[in-house]
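Below you will find one chain, with nothing else, as structure tokens; this is the form predicted alone, and questions on how it binds or moves follow later.
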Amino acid sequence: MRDKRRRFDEDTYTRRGRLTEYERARLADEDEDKVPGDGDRYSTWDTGERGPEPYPDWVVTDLAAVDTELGILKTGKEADVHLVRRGVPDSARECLLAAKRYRSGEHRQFHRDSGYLEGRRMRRSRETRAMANRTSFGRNLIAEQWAVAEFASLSRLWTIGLPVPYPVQRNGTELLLEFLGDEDDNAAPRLAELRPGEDQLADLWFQAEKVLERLAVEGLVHGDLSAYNMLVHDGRLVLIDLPQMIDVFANPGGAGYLARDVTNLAGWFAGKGLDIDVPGLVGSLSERAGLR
């Protein structure tokens, strides 16, 4: 007898609104001729998961807006970041966005470092098996899980006032974030790219300590903090790259991640000549987080 159970079709599988990368590309090709002007697609504001309210005034929410690709800002092992202009045709209403797109086929961090995932659970065993077996559908789910986690982290930190880019929306494996840069569309530099003077170095470390303290009070750890995932925009430190943010109580390795974050970040500042009591800071933050 023919097996009537539904099977994975890894090229065209769609269920409960979730599309594969192949299906998204096909639909984009179908709509290509319908986008006005030099736009690449219509705004996805009506279909994506939106950031926290109230929405900043600069965010373009018009459904008639179109998105135009302006180039790549950064490439990485798990995701690429593109510069996108969202604007309403024949008007001055527009904004710049950083589009972070996770690459499902090459994304390995989720599978490799299970320590970050302690305390997180997938409810559907079928999806869990697909991810464990590394099917194409499973790899797409892996990428989407990291996109979901990062969007949730950014939304939470923005809401409590921590310095992060405003998370405009999430659609599948794509995050649209506030673009932080100058008037010439140059992205804000990473902390690691700076050569600060003595006064600026001290001010940046003061800001870094305040960020670490606030995270600890919230029971959170960045999980992969270093001078490479903090931007400096108009003299202000900004946290980025947050898919692996950790709840120190849900994750049994939380204390270790906290100590590693502090050690890595403080190491960069110490290398620039700043005297930092790393063990003392780790102890203080652990107390604030309720780990001692």
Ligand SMILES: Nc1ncnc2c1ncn2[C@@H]1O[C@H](COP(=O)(O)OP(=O)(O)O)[C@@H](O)[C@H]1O
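Every value quoted in this text rests on a predicted model; they were computed, and no experiment measured them. So that there is no doubt, residue numbering starts at 1 and follows the sequence shown.
Another form, the form predicted together with this ligand, is not on view; read the next lines as being about it.
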*Is there a heavy atom of Y228 no more than 4.5 Å from a heavy atom of this ligand in the model of the complex?*
yes
_is_contact(P167, this ligand) in the model of the complex, heavy atom dist at most 4.5 Å_ = no
*Classify C95 as contacting or not contacting this ligand in the model of the complex by the rule of any non-hydrogen atom within 4.5 angstroms, answering yes or no.*
no
*Using 4.5 Å between non-hydrogen atoms, is K74 touching this ligand in the model of the complex?*
yes
*With the partner absent here, would E78, K100 and E178 each sit within 4.5 Å of this ligand in the model of the complex, counting heavy atoms only?*
yes
*Which residue, R214, R190, R156, R85, has a heavy atom that falls within 4.5 Å of this ligand in the model of the complex?*
R190
_Please identify the residue among M245, V248, V60, I240 with any heavy atom within 4.5 Å of this ligand in the model of the complex._
I240
*Heavy atoms, 4.5 Å, this ligand in the model of the complex: which of 47 to 55, 254 to 262, 63 to 71, 228 to 236 makes the cut? Say which one.*
228 to 236
